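For reference, the chain that follows is the form predicted on its own, supplied as structure tokens.
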Amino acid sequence: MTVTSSPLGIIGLGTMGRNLALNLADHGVPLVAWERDGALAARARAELPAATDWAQDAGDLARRLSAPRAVLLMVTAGAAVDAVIEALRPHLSAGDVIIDGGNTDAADTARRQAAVATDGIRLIGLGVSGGEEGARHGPALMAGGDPDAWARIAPTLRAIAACAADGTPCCDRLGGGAAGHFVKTVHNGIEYAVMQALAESYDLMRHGRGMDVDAIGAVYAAWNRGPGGGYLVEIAADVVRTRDGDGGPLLDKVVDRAGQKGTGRWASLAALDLGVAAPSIAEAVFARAVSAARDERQALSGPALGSIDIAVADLEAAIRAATLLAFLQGFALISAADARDGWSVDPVAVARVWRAGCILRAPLLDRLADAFGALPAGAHPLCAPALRVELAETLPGLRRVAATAITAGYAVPALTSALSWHDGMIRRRVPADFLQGLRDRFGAHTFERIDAPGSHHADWSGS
């Protein structure tokens, strides 16, 4: 679809910015562009249409746009965003819109929204998912901020977004304030958890079952055709089957140390701040920290682990269950942040935006949208009948895989944390009574009673 619109300013033409700019240009959006880095600017100039208007700096870009202006920032999160906004502000006026399309911490977005609002400027925090390919051909876009500002830019952004199978653009304003960037942070946290679970399944197949990479690739390809399919499962098949120049598996040449860019950590910290249990996300972050301790692991390593007897069907069930439970933890985190900050986030809208374009895209999102839509207000997603049926089908396999892996010495933190979260959530009574007793015994922290209101203290001397 071609969009007839006023020129859009875009600052930052690295990989994501350049590909979004190309996507915008394909849809007829006139661009005023600026990139500080000479090499990146030269590449973008060579690829973008000749009609692109090139600015000399942020202020020049703002001056080349007619009010009301809209400027998309695709710069590195943190100080660089603040610097560009401060450079723009003297040249903007009330009614102008800044769109921050970076992976920005929601707290920073809220702070910046409040700051520019004093000048009548609106800032939309825009989560962009899909990587380089998504940016170029259709990302999932998660916006948060002022509804009037959103209404102005929505037609342009919806035109470049991915579309779900029903033709709906995967682009929406998900709530006020910093909702868009927070939802994107949680998206990435779930992504961490699902990737870690898949890594554990690879480990158990490759080293536990002794399967070769072609056989593992065939397993992932088969899973992708089933109810547990999705983009990450699809590319897992490609990754394991990729060969190096000598014909051997490329994975065998890759250092077993995974980096991170911060969004998984932000999601974990948000869970701690909000008092929400999201162990699958946190354990995935911790697993990357364990991978980073490579020298220590090399020094501590013992004999190779032995073979294990795990059915591939159980592994598939384990991944399906762990993935669903990671999603539910993420949605619980979004709900808690929404309750605190009053964004009015609709979980159905979030699930629908994630159905295409983003890294988490999978048929599961349609099932989640349907389940959330049918839930009574305030009900936990674990109450959804369709999700309970799905978990009834998959949890036994997860239990068998987790038990076998642990017994044999394989670390499976994504699988076991998902299982423990589920089992804790469905217990009528958990051993926190014991924790209260210990805390009151050593620190007189008091405790609550089930038969009397208020705080209580007791003599826990054992008699």
Ligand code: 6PG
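Just so it is clear, the model here is predicted, and its values are computed rather than measured. A residue's number is simply how far along the shown sequence it sits, counting from 1.
We do not show the form predicted in complex with this ligand, though everything after this point is about it.
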Contact label in the model of the complex: residue 184 to this ligand, heavy atom within 4.5 Å: yes
Residue contact check: residue 261 to this ligand in the model of the complex, 4.5 Å heavy atom: yes
Distance check, residue 359 to this ligand in the model of the complex, heavy atom within 4.5 Å: yes
Close approach of residue 188 to this ligand in the model of the complex, 4.5 Å, heavy atom: yes
Answer option from 363, 78, 131, 248, heavy atom within 4.5 Å of this ligand in the model of the complex: 131
One residue of 156, 224, 103, 113 in contact with this ligand, assessed in the model of the complex (non-hydrogen atom, 4.5 angstroms): 103
Listed range touching this ligand, judged in the model of the complex by heavy atoms within 4.5 Å, from 253-261, 330-338, 297-305, 317-325: 253-261
